[in-house]
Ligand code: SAH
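Just the one chain here, the form predicted alone, laid out as structure tokens.
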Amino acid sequence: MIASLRKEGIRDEKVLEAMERIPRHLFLDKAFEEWAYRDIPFPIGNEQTISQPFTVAFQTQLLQVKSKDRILEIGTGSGYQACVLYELGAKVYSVERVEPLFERTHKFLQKIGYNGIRTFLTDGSDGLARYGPYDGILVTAGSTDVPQALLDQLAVGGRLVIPVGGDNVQKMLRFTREANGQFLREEFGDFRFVPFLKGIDKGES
């Protein structure tokens, strides 16, 4: 998997090393374990997916994580992306809106030893202001806009990485907060994510 990511253009060796340390197959249903290290997404229940490894690596590389950075992840999902951030030495705060998925992943992360990742059941469009400001915010769902709350919770020099667009395709964007309060906007190609939804979803356990 790591060799494949290098061929696809991932250059941040710290990101690749972090992903190499994480047993990705543990985050998937046993029916998919055989394909866990292929570069494809998989369903994880509750109409959510675990992103393909390239997407995880690409977003993480854009975030430019440094040790001890405070990072907010919007969309905990399987917990895999949060573990990559944690392996990079970040202080990770991750929010999930689907209650059964939140409960399952919270217990799972504790079980496999990632109890330093702080998880919260809340609406990601509001961010998590009480632990901010953040050096990085990573959104793992496709949004139709850029929530102002997330921009507001960035520290100076902090980066927001978010896919923005319609239902079928989104542009990967990075916003960097400058000292004058303005934001540098950069665009990094097309991706496909599950939709960014608001509110708490009680789901089905």
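Heads up: residue numbers just count along the shown sequence, starting at 1. Since we're looking at a predicted model, the values are computed, not measured.
One more form of this protein, predicted together with S-adenosyl-L-homocysteine, exists but is not displayed; see below.
The stretch that touches S-adenosyl-L-homocysteine in the model of the complex, counting heavy atoms within 4.5 Å, is 136-144, out of 136-144, 62-70, 159-167, 176-184. T55 falls outside the set of residues with a heavy atom inside 4.5 Å of S-adenosyl-L-homocysteine in the model of the complex.
Taking the partner from the other structure, S-adenosyl-L-homocysteine in the model of the complex has no heavy atom within 4.5 Å of any heavy atom of L154. Interface residue remark: M172 is not counted as part of the site for S-adenosyl-L-homocysteine in the model of the complex, having no heavy atom within 4.5 Å.
Residue contact check for E87: none of its heavy atoms lie within 4.5 Å of S-adenosyl-L-homocysteine in the model of the complex. With contact defined as any non-hydrogen atom lying within 4.5 angstroms of S-adenosyl-L-homocysteine in the model of the complex, the contacting residues in 82-106 are V95, E96, R97, V98, L101, given in sequence order.
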